[in-house]
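Okay, so here's just one chain, in structure tokens, the form predicted alone.
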């Protein structure tokens, strides 16, 4: 007779274990409920009610809930500790709400107008490659998408610019040209009023001056050898020397730590302590200086008629070009494309690049000699003045045609454009300023915006970057004028930071040297550098075919892929090949029909009433 085995003392029977477990749970006042790790706790249905099922009467009583700690992980002897699992996201998430529970009525980023974003876009989407490969087309699409995203970010960050350009507006019927500098100083705040000052230096005049790229430092040199640099905002003198030689021009280099002085014989380089670092004797009898910051090139014009480019990063002369026009006294740079403009005594203005031995273009501007030339910051307009007392503004966007002209009672000897397109002209001891409608707009020459009379004849003009200040060098010294609305109110802290420290300046110099643009890339249209040279590309392709004997880029003949279930028979393969050949033939015929009307228009000849004997020479 079989008997049921008795349970051992250590292992209780299954029924007894379940009953003991229930007794422990009821004694502690809680009951375990199986949950999944992605389930969230539901809200209590009533005050003090437990999340248990409502059918059980015992669960309705107030019970202590077991504290849950999601950060505590179960330890295992054979498995490593794993990070806590995140709950799965809901398929239909609710809209985000604030702490108060209110919903955002305008979710997502704010929309940007197309016109504002177009201002920062640098890719012309109208130009497309006609026959481009799929890989090239995909790369272009990715580049266009990145450019669009960057332009939207730039347009969105423009809203954060706190400063706005200033302006000068008179009362009803009041002419702003009659407002004096004393009235402007009394109307502005103390910090702006301190930017207007006069330096009485009649002993060493007349003076030429130049501001640094950051607009914080000022360098000026007198005809009798006086050279000085200072922080004109705090009026702290950096250095002051006398070179015991005539000074014809002065220019800051890439930073305020170095500046170049065109002395009577040679070109000299000094540091901010007034110590002479270099004497460049190959640049002799220099009359004018210009510095190209992105190329690290110092351009010099001399009495001998040579235009010389000096690379200050390596100390070598890149190019020495003979203008063949005599003494060079008039020179300026185009900030947009780094092209040098030279004014000559025959009334022409020539445009030069170190990559070419001949001028890029010549513009006949005046009947007499050219006295002054200036180009605006966008490279759109060029202002010239000549011995015929004419002040003209030309369009540099390929046409080189005069847009406006004005006859002055006394010819302008010096011209300069501000960052926002204001044009200043020095005529004897008077400075006139003309303004337009805004940045990159044509200045109106009908009525001057401001007028100021000095204590001596003007010998140098320069607008201070990022400050509504015009520096004037004359025979009596230096004058700082207040010109509302002349400069850009906001600056790029990574490019031209007036408040940078010495460490920041050193890091910027290293970065600028690494990003230096080669001198060979200077041309009239810098956008042409990003385009494909189709003529050179076709010539290289033709030479490659002649050298190899075949075209490696030719399209391979169509070869049908094999198919299963009897569909790769010889007849089906021939049929598929012929179908592809017919499609290609149709495309060629369609292209020829589209090009036929254009050829007929080119061959069309003007009809005449009577035939002429010269018609046989026409082709």
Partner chain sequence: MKVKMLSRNPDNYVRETKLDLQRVPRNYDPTLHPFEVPREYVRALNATKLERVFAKPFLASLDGHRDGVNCLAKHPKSLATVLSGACDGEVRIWNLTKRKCIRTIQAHEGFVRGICTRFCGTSFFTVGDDKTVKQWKMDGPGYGEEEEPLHTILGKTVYTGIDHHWKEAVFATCGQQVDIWDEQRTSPICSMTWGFDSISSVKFNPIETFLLGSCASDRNIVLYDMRQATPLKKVILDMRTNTICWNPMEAFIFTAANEDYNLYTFDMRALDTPVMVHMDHVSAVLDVDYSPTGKEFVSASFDKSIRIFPVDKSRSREVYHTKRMQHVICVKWTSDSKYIMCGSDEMNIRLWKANASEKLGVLTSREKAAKDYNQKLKEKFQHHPHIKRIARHRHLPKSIYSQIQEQRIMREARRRKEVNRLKHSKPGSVSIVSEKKKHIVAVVK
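Remember, it's a predicted structure, so these values are computed and weren't measured experimentally. Think of the rigid core as the biggest set of C-alphas that the two forms share within 1.5 Å after superposition. Numbering follows the first chain given and starts at 1.
The same protein also has a form predicted in complex with the partner chain, omitted here; what follows describes it.
- prompt: Just one of 323-331, 488-496, 394-402, 256-264 has heavy atoms within 4.5 Å of the partner chain in the predicted complex; which?
  reply: Result of the contact check: 488-496.
- request: Have a look at 111, 518, 315, 107 for me and say which one sits with a heavy atom within 4.5 Å of the partner chain in the predicted complex.
  value: Exactly one listed residue reaches within 4.5 Å, namely 518.
- prompt: Heavy atom within 4.5 Å of the partner chain in the predicted complex: which of 437, 447, 501, 539?
  reply: If I apply the 4.5 Å criterion carefully, the residue I get is 501.
Interface membership of residue 336, the partner chain in the predicted complex, 4.5 Å heavy atom rule: Residue 336 belongs to the contact set for the partner chain.
query: Is residue 371 a contact residue for the partner chain in the predicted complex, using a 4.5 Å heavy atom cut-off?
result: No, residue 371 sits far enough from the partner chain in the predicted complex that none of its heavy atoms falls within 4.5 Å.
field: Non-hydrogen atom contact residue 356 with the partner chain in the predicted complex at 4.5 angstroms
entry: Residue 356: no, not in contact with the partner chain in the predicted complex.
- request: Verify the contact flag for residue 466: yes if a non-hydrogen atom of it lies within 4.5 Å of a non-hydrogen atom of the partner chain in the predicted complex, no if not.
  value: So residue 466 counts as contacting the partner chain.
- prompt: What residues of 291-317, in sequence order, lie within 4.5 Å of the partner chain in the predicted complex by heavy atom?
  reply: Result: 294, 295.
field: Is_shifted residue 546 between this form and the one not shown (CA, 2 Å cut-off, rigid core)
entry: Yes, the C-alpha moves 2 Å or more.
message: So, superposing on the core, is the move of residue 537 at the CA at least 2 angstroms between this form and the one not shown?
response: Passes the 2 Å threshold, so yes.
query: So, does residue 203 move by 2 Å or more at the CA between this form and the one not shown, with the core held fixed?
result: Comparing forms between this form and the one not shown, the residue 203 CA shifts below 2 Å.
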